[in-house]
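Presented as C-alpha cells, the chain that follows is alone, the form predicted alone.
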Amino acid sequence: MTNPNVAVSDTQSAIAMAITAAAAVNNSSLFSPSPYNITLFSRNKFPKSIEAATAGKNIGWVDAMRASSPTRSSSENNQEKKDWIMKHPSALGVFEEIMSAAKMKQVVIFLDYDGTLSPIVENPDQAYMAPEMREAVKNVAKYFPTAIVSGRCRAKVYNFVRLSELYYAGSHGMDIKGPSSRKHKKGNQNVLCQPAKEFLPMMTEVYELLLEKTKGIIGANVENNKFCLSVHFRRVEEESWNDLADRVKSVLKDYPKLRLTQGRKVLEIRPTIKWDKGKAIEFLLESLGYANSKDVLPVYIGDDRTDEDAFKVLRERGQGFGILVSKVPKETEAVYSLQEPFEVMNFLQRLVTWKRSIMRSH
C-alpha cells in the first residue's frame, strides 16, 4: 500500500520537495489521520461495461463505446427529457434555492474542464476556453476556493486556464497542486498529491506502445496525461472502433496493473489504484481544513462519466451537490443540471453577483 505524496513548497519547488502524506500528518496541523490509503482494484470490480467489453466480444466493447458517447441531439424535447429535468432541475432556474443553502457557509467550487468550461471539440489540443469564461472563473476564485478537476494532465489544464490562483487536480485527481497564494486556506502550506507516482515509468512505456499500435487508425489520438492515458476516438469512423479496441486491448493485456475506463468519445487507461475525482475532492476539502466541517458547501460541476465519482461523494457526505452539464438525459448522481458551458458561465457569474450582494449588505 502507498499513500498520496504531499509536498509543502512554492510553485517551482513543490515536486522536488514531495514527501509522503504520513509525514505530513506528523508535521502539519493541516491533516487529521489520512483516509487516503491507496488500494488496488481487483479485476472483478471493473465497471460492468468495461468488464463485458474486455471479455473477448468486440460487440460488447463497441456498444460500451457508444453508450459512453451519447448523441447530443437525441431525446430532445420529449417526455423523457421533461421527466429528467424535473428530477435534475436547472441550476439557473433554482439558483435562489441553491443560494439559500449557502448562507453562513463557505462555498467551495470544483469544475471539470472539457465540456464544462470549454466545449467538446474534435481536436482535444484545441479545447480553448472563451475569454468570458476565464473571467468568470477568475472572479469566482476571488470569493471562493476554486479547483479544476480534470482527466487532462495538470500542466495542460493550467496552460488552457492560465489562472494561478486556482487549485489544479489533473489526471482524474492523481496530480493535485494548490496555488502559490492561498488566501482561502486555513494555513499557509502548499499541497501536492500524487498517489500514483510509482506508475509514471509504466505510463510512459504504455503511451509509446499505444502510439505505435494505433498509428494506422485514421483519427485516433493518444494523449499522455501523465498519470493516465487517453485514446480519443471522436474522429475515428465507427467501423474502425473494433480495430481500435483490439489494438488497445493487445497492449493492456501485458499490464494487469492498469485499468480501462470510458468518457465521452475517449478510452482512458489508469493505474489500478482506488483513486478518482471523488477522492480528489475529499483530499482538497481536507487540505482546505473542511474535512469534518458542517460550515462548507462544496459544488461540483462536470459533464462526464468520470465526474460521477465526485457527485457520489457529495451525496454520501450529505453536503453540497453536483451539477451535471448535459443536453440529454443521463443516469447521474448529480442533483442539478446545466445544458452547456455557456450556462456554466452564467451560473458562475450569478454566484459572484450573489456573493458581492451579501458582502455589500454587511
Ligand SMILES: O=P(O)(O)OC[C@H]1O[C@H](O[C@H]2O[C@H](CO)[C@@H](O)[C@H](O)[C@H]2O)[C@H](O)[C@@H](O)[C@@H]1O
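It should be emphasised that the depicted structure is a prediction, and the values quoted were computed from it without experimental measurement. Numbers for residues come from their place in the sequence shown, where the first is 1.
One more form of this protein should be noted, the form predicted in complex with the ligand, which is absent from this view; the next part is about it.
Visitor: With a 4.5 Å heavy atom cut-off, would you call Pro124 a contact of the ligand in the predicted complex?
Guide: Although the ligand is absent here, Pro124 would touch it in the predicted complex, with heavy atoms inside 4.5 Å.
Visitor: I'd like to check something about Ile120: if you look in the predicted complex, is any of its heavy atoms closer than or equal to 4.5 Å to a heavy atom of the ligand?
Guide: Ile120: contacts the ligand in the predicted complex.
Visitor: In the predicted complex, is there a heavy atom of the ligand that lies within 4.5 Å of any heavy atom of Asn225, even though the partner is absent here?
Guide: Asn225: contacts the ligand in the predicted complex.
Visitor: Hey, in the predicted complex, does Asp276 get a heavy atom within 4.5 angstroms of the ligand?
Guide: Contact check for Asp276: no, nothing within 4.5 Å of the ligand in the predicted complex.
Visitor: Counting only non-hydrogen atoms, choose the one of 241 to 249, 206 to 214, 150 to 158, 82 to 90 that falls within 4.5 Å of the ligand in the predicted complex.
Guide: It is 150 to 158 that comes within 4.5 Å of the partner.
Visitor: State the residue from Phe199, Tyr113, Phe283, Tyr167 whose non-hydrogen atoms include one within 4.5 Å of the ligand in the predicted complex.
Guide: Only one listed residue qualifies here, and that residue is Tyr113.
Visitor: Counting only non-hydrogen atoms and a 4.5 Å cut-off, give the residues of 253 to 279 close to the ligand in the predicted complex.
Guide: Residues within 4.5 Å: Arg264, Lys265, Val266, Glu268, Lys277.
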